[in-house]
Ligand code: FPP
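Take a look at this single chain, the form predicted alone, given in structure tokens.
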Amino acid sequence: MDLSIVDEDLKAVESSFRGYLSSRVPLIAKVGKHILTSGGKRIRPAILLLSSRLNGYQGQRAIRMASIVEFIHTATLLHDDVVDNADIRRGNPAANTLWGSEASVLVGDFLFSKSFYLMVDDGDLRVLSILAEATTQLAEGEILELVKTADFGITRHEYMDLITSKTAVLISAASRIGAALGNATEEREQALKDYGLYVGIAFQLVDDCLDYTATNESLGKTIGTDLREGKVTLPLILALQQATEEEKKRIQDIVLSEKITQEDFRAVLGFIDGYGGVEMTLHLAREHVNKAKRCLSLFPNSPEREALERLADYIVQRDR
């Protein structure tokens, strides 16, 4: 993914992120820096920076806003790993395994609080409104995912609604803030809001597929983690919709068992492959990427537009 056009700005975001972690409580910086230095694609900051430039904004507020969005994203990662009891995050020990669940939750709370402090300090009510709306939906998505754990009756529509709230709304907020910084017209802001939403949905759909098809090394966590956590994601949903009652019962027994063995996982993977669950999910992801790119047709050709188009293509080409 070539983001050289905003490479210096992304470095400034990293520096700003570290600075905002400053606290009289050393553990906050330790946990925050652990997440920061463990990798990550920085898709949300990149989209915000490119969207602001696409609308002619060249100021420094984009750096702060990109840092805030990444702060919020990092907070959700800390909370997610506690909820999921995750051991690995991006190929490294998850924060909750190093410092405990209590510390991870509280540092996540700090990051959320600091994000809104920085937004209020910036003083732009439009941006504050965008992120307040996004974080509310994000929390709803996280709770909905918890409610839908091991729910074999979840429909494709319900799942798409879940991942829109859980993943896509924050990416959409990033692109929309970029438009707001550039004082974009309502039509252009809506186009970028939709771009981020489609990219976010595609991103999660590809993640769902990678949990079944990637290697442990490339994914940065154990493949099959979603299944072992009882998450019924789209590749499985689509396969279950075509399955016999006997097949559904077998898959349900595996997912609800106390321990899913490698043999069990291979059986589920074979079931999904047999009904084309991964292929159909990737096809849907590509459709959303194409929708995202069409949203950019409203803007004249520019290096920023091309970078946003490449970023969208990267979503379905990545292997982790």
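From 1 onward, residues are counted along the sequence shown. All figures in this text were calculated on a predicted structure; none of them were measured in a lab.
A second form of this protein, the form predicted in complex with ligand FPP, is not displayed here; the remarks below concern that form.
S.K.: Tell me, yes or no, whether residue 120 is in contact with ligand FPP in the model of the complex, where a contact means a heavy atom of each within 4.5 Å.
M.R.: No, residue 120 sits far enough from ligand FPP in the model of the complex that none of its heavy atoms falls within 4.5 Å.
S.K.: Can you work out whether residue 169 and ligand FPP are in contact in the model of the complex, taking contact to mean some heavy atom pair no more than 4.5 Å apart?
M.R.: No, residue 169 stays farther than 4.5 Å from ligand FPP in the model of the complex.
S.K.: Does ligand FPP come within 4.5 Å of any heavy atom of residue 212 in the model of the complex?
M.R.: Contact with ligand FPP, no.
S.K.: When the contact criterion is heavy atoms within 4.5 Å, does residue 204 count as touching ligand FPP in the model of the complex?
M.R.: Yes.
S.K.: Which one, 97, 76, 164, 92, lies within 4.5 Å of ligand FPP in the model of the complex by heavy atoms?
M.R.: Spelling it out, the residue with a heavy atom inside the cut-off is 76.
S.K.: Can you pick out, from 138, 179, 130, 197, the residue that has a heavy atom within 4.5 Å of ligand FPP in the model of the complex?
M.R.: When ligand FPP is considered in the model of the complex, the option within 4.5 Å is 138.
S.K.: Pick from 80-88, 120-128, 237-245, 184-192: which stretch has a heavy atom within 4.5 Å of ligand FPP in the model of the complex?
M.R.: It is the stretch 80-88.
S.K.: Even though the chain is shown alone, can you say which residues of 14-29 have a heavy atom within 4.5 Å of ligand FPP in the model of the complex?
M.R.: Nothing in the stretch sits within 4.5 Å of the partner.
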